[in-house]
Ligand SMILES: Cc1cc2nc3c(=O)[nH]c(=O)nc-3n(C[C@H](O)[C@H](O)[C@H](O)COP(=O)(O)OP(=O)(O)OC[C@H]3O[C@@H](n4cnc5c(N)ncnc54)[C@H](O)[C@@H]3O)c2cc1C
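The chain that follows stands alone, in the form predicted alone, written as structure tokens.
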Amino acid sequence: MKRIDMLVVGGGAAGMLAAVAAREAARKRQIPDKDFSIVILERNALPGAKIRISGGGRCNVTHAAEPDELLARGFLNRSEQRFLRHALHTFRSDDLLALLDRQGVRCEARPDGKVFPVAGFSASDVVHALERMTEERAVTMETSCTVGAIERLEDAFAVTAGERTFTAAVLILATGGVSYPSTGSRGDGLLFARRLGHTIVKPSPALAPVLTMEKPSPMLAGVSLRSVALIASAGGKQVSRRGDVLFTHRGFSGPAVLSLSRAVAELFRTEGSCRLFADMFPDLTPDALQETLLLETKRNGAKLVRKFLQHSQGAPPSALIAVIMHQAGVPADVQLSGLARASRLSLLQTLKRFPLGSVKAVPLEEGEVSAGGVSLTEVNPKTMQSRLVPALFFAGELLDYAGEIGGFNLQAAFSVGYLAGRSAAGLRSR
């Protein structure tokens, strides 16, 4: 049985930053490395599996914004904003970028605020930088090491991994949620947390595609709707997001879909069904859109309706126009001047609320992150220490929060991990 001062279960973004922060805090207190052992147990052969595949291998490492702005943009649930505020102020996005820059990985922000490594660098370079940080701080990384059980002893934790058992004075669980199980995020940490006495909010999908009962036409697979309002409706309730929507062979994806997927899954769960619609002209009210159509009819009544749609500002994709007109019951060859009032109203209704189908599923395993996890009420947001179990800390996606697409979730993982590690090291100096 090997005795360790601080054990981190999970070698992802949160786990590695926790170890890095713990060593930095210990060194500031002049605690020799040999007197404060830090070990990461990672089930995969290589750490940072989820980072490696993020952004298609490009890795949207963070979002360029001040902490409060980042919270407002990236975390729409007020309780999650309150929980994450201290962590995001403690370790900011520019702190992360400075760490990566010192390791030779330069990043830049895009106009939309998303931050990626510059050309020539990839997600793997980000992971290698994190690995070097742990090595420089005398952190031991045990890979291919799957934890099977955790037990709370009188003054320590017994952690069993295969034939080995580690005892740790301080334990940080950073095992991830349940999305992308192929990366090792299989919910083990949630099981350990529950056995240690914590409440687990049932995991649900977030940043996931939405599958529909009526599969889109194969001809539309790969077609994107640009900057539409995506609407989910069920039981008199309605939620929406603005952004791009991508038609797939099974349903829909794209930024607006990923952003709305958590709410869609909740509506589907509580109401038993959910329908999706797209507002093709979200910047125009129904009356303003009708006025635009009538004005063009006066100017150029001989123009075909489909040509008007093709050349209007914010026009739907050409591949979809025939579908829209069919849905509205408008003949393909009708002119603007020949559009009867009933047909005009039907067309306007279709453009403002184009039916995309009934939700079949929001696949939990395909989400970029998962919502649900360890209840935030049982974790101290100033330290990330359990309110129930002394010397137990949590970090990353196994906590019950989930952010929007755009680098928010990775930044939260880094920030929460950093705060947990720094706080955990503080116990050692007492």
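All residue numbers are counted from 1 along the displayed sequence. Quick caveat, the model's predicted, so the values are computed rather than measured.
The following text describes the form predicted in complex with this ligand, which does not appear among the structures shown.
Can you work out whether residue 277 and this ligand are in contact in the predicted bound form, taking contact to mean some heavy atom pair no more than 4.5 Å apart? Judged by the heavy-atom cut-off of 4.5 Å, residue 277 is well away from this ligand in the predicted bound form.
Since only the chain is shown here, I'm wondering whether residue 22 would be in contact with this ligand in the predicted bound form (any heavy atom pair within 4.5 Å). No, residue 22 stays farther than 4.5 Å from this ligand in the predicted bound form.
Whether residue 409 contacts this ligand in the predicted bound form should be assessed with a 4.5 Å heavy atom distance threshold; does it? So residue 409 counts as contacting this ligand.
Check residue 300 for me: does it contact this ligand in the predicted bound form (non-hydrogen atoms, 4.5 angstroms)? Looking in the predicted bound form, residue contacts with this ligand do not include residue 300, since no heavy atom lies within 4.5 Å.
Decide yes or no: are 10, 44 and 192 jointly within 4.5 Å of this ligand in the predicted bound form, with each residue judged by its heavy atoms? Yes, because 10, 44 and 192 each have a heavy atom that approaches this ligand to within 4.5 Å in the predicted bound form.
Proximity to this ligand in the predicted bound form (heavy atom, within 4.5 Å), stretch among 393 to 401, 380 to 388, 22 to 30, 66 to 74: Contact-bearing stretch, as computed: 393 to 401.
Along 231 to 263, which positions have a non-hydrogen atom within 4.5 Å of this ligand in the predicted bound form? Counting only heavy atoms within 4.5 Å of this ligand in the predicted bound form, no residue of 231 to 263 makes contact.
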